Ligand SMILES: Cc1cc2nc3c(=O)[nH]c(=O)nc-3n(C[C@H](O)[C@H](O)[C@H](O)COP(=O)(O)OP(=O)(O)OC[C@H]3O[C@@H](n4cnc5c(N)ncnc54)[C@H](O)[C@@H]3O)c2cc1C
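Heads up, the chain below is alone and in the form predicted on its own; it's given as structure tokens.
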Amino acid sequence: MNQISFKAKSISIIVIGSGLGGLSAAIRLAYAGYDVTVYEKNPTPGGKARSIEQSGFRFDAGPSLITMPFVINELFESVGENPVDWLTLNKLTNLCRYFYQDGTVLNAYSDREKFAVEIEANTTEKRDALYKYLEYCKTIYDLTADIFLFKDLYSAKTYSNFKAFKTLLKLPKIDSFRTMNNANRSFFNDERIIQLFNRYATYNGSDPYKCPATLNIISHVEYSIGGYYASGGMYSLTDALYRLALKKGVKFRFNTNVEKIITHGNNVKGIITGGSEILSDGVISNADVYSTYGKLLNDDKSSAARKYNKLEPSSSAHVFYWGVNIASHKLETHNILFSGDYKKEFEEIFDKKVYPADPTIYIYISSKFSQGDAPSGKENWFVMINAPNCASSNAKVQMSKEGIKQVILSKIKVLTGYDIRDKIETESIMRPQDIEEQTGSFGGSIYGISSNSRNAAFLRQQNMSKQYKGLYFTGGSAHPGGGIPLVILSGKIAAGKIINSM
């Protein structure tokens, strides 16, 4: 157990935003004796990981899968708590059910051998191809995780150990010079399996035909470490961290919009909210990096701001939250309905910056394991397609939301056999512009910058600002990136920087 050492401090820290990264940092700092206050413009905590309730149905607003559960456990243990007293995590037996245009239905079982048998029975691939591929993905994880995920990528101390030296000696094995698609084609011949593993580029809002094959680390994380769900739905994680923060002494100010970060020269002095100045010894921005520079700092001229203005944002999403009067026995908790031309889909999103004509559809149904999320005999469908961020002018000229809905409904009927047009009892919609408005993500880009270049990992915002003394960053747009375990790690790294410097 890696507990935080307690230091008696009379140092005040302000956290802007109560996303999982901000909560992670706040909990650690409060436990270490700092005076921590979180300012959140929404009425509830969680950021993208909040909850939506409508007409008897409950939905997880954003994240829907937990990986690397030991990261969550470490957060609780580091502040003297037993994670099982706060949260119950359950391993999925079927990570996802995939539906293809040719009628193929494939179950991605968490059991490697069972998944290999499934692949061999339903595609032209042999099971050995999966074993070799996952060993390759494990090699990338073993070489990179310690540097790129768990530690401060920009600190000299990160590289002063044998593990880092070993990674540098075996740099070609992290496969940064091929694209994800090219690497996956070197292991598989069946287009359906290539498409399945190319999909993992979307886990950080990127294009598998452009992003480096290093991102195949994600397949290792999901298939070899495992995918999990939290009893009670994903929001139970947010709620557990919120309650833990309160127990450790973190103060929260909800419905409170931060208008500006106060600076004196390059020193951060606090924030302005409601027209009033609130001073502090340090500020952690759990807001999007673009928004932090552009809105909170009103900075578009510093080297850091100029750098971020030039980087390509990640993709966004268009989500329907449907309460449906159906019991879908053909669907799993997680489901993917693939497009017929995956390359074209990403060209439309990233190059043409328009909604794809034939989108891949993701359907997440938490009521399959959390019965309280929907009335008896009914289900809560989180239905998402990847979309361009709305910072682009092209992305703002789109088919109507009703047109998008009809495309999705038609595809669901064709690939699954379920016609739910008359089964939808309640509906709400989250568009890229809504994501931007509600979470502060630039253009609705869910993961900050994309990873569509081999240098992207080194271009993410550092957790401690080099430009502004006393400013720190957490969340999906900062190092080490998006996704539940990574944003929690961003909070750990940022808190560590504060503890070591204040």
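For clarity, every value in this text was computed on a predicted model and none was experimentally measured. The first residue of the shown sequence is 1; numbering continues from there.
Only in words, not in the display: the form predicted together with this ligand, which the text now covers.
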Given the stretches 29-37, 458-466, 434-442, 51-59, which is the single one in contact with this ligand in the predicted bound form, using a heavy atom cutoff of 4.5 Å? 434-442
For residue 453, is any heavy atom within 4.5 Å of this ligand in the predicted bound form, or not? no
Could you tell me if residue 139 has a non-hydrogen atom within 4.5 Å of this ligand in the predicted bound form? no
Heavy atoms within 4.5 Å of this ligand in the predicted bound form: does residue 16 have any? yes
Taking heavy atoms and a 4.5 Å cut-off, does residue 296 contact this ligand in the predicted bound form? yes
So, 20, 65 and 384: all three within 4.5 Å of this ligand in the predicted bound form by heavy atoms, or not? yes
Stretch 462-482: residues contacting this ligand in the predicted bound form, 4.5 Å heavy atom cut-off: 475, 476, 482
